[in-house]
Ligand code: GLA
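First, one chain by itself in structure tokens, the form predicted alone.
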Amino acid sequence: MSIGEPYDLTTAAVQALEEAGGAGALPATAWAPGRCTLVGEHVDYAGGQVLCIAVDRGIAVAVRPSATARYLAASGGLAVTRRDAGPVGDIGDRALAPVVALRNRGLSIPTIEVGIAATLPAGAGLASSAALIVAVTTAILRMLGETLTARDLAAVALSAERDVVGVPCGPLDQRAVIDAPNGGALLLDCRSGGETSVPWPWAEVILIGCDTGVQHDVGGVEYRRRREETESGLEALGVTSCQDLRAPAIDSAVLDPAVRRRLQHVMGETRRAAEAAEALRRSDVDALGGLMSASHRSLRDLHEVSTPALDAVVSAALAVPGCAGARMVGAGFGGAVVALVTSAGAAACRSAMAAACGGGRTFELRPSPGLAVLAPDVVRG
């Protein structure tokens, strides 16, 4: 097996733990996939619909009780130790946040040590933070012999990232990492909490990712501003979900021009997500690709979260024969682009995307099952 496969990645997480903390108790391990949004970006906090997949790149962790009464988090040759699990601004913040979130639910969690290994690039818009938090939460539950429902696990992971670490994120990433079906996509309704599984119909169509090397802005000033602008617009129009927005109401309302653009984006994007699910059901690769490209244009022009580097990579991908569509993925202001491409065009697409951003890292992405499938011993029905 390669290091990118969960078994070997878990072995690497155990090694990271033992190199930083020495010998100790047999660790509990877990692996969680990343998330790739196909269509539906920046709408989860606006009660919209999102079509997404969990991906076959992720994060493995090894967790054991500490023998020193100090917390430890180790990853990539770096290690930090703490007396408390709360955030202090280092690499342990997200790894240890589940301790606080689980304690807030009434579970007794000992001081722990965590080893981490990943094939998912950090800060690329592929939910590396959610994958890490979900993996650590799962490993802690395994260590304790505890279980949670999928919804409760997602709630704990969301609380760890939002309430403990302080990232103003919506529920998308945690739900995708946990609830993604085996061999398909998840259409998530962030207003009702409902979800629908949509099979991935192609063996010969894949996603190519290209990390531009600039970390995205989730939790940063601009992300917070986009969320505040969107939420203020929804309030001004008297609706709680972007699914209830209508163009005449947006056009006739007295709104700041930036707020108007934000509402136009989330209104169109939630509709595109539903249309993309239908395209997937019809096995219409051109329709899905066209909706992905339309999503990027809206994120660029209306939500204004793209960058020249992201735009250049999208344009390079779309110029390659066999590429049906491309878009930035994640919060924006950096991160990665994903392109929907036939296997025959994959190599050329990877080369073009990498060249467009000065040699960015490229990789293939395929649907992966989420934790509800991967960890039935922890995630109960």
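Note that this is a predicted model, so its numbers are computed, not measured. In case it trips you up, residue 1 is the first one in the sequence shown, and so on.
Below, we turn to the form predicted in complex with the named molecule, even though it does not appear here.
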property: Heavy atom contact within 4.5 Å of the named molecule in the model of the complex, the stretch among 197-205, 77-85, 132-140, 170-178; result: 170-178
property: Partner-contacting position among Pro27, Gly325, Gly330, Gly48 - heavy atom within 4.5 Å of the named molecule in the model of the complex; result: Gly330
property: In the model of the complex, Arg57 touching the named molecule (heavy atom, 4.5 Å); result: no
property: Touches the named molecule in the model of the complex: Tyr71 (any heavy atom, 4.5 Å); result: no
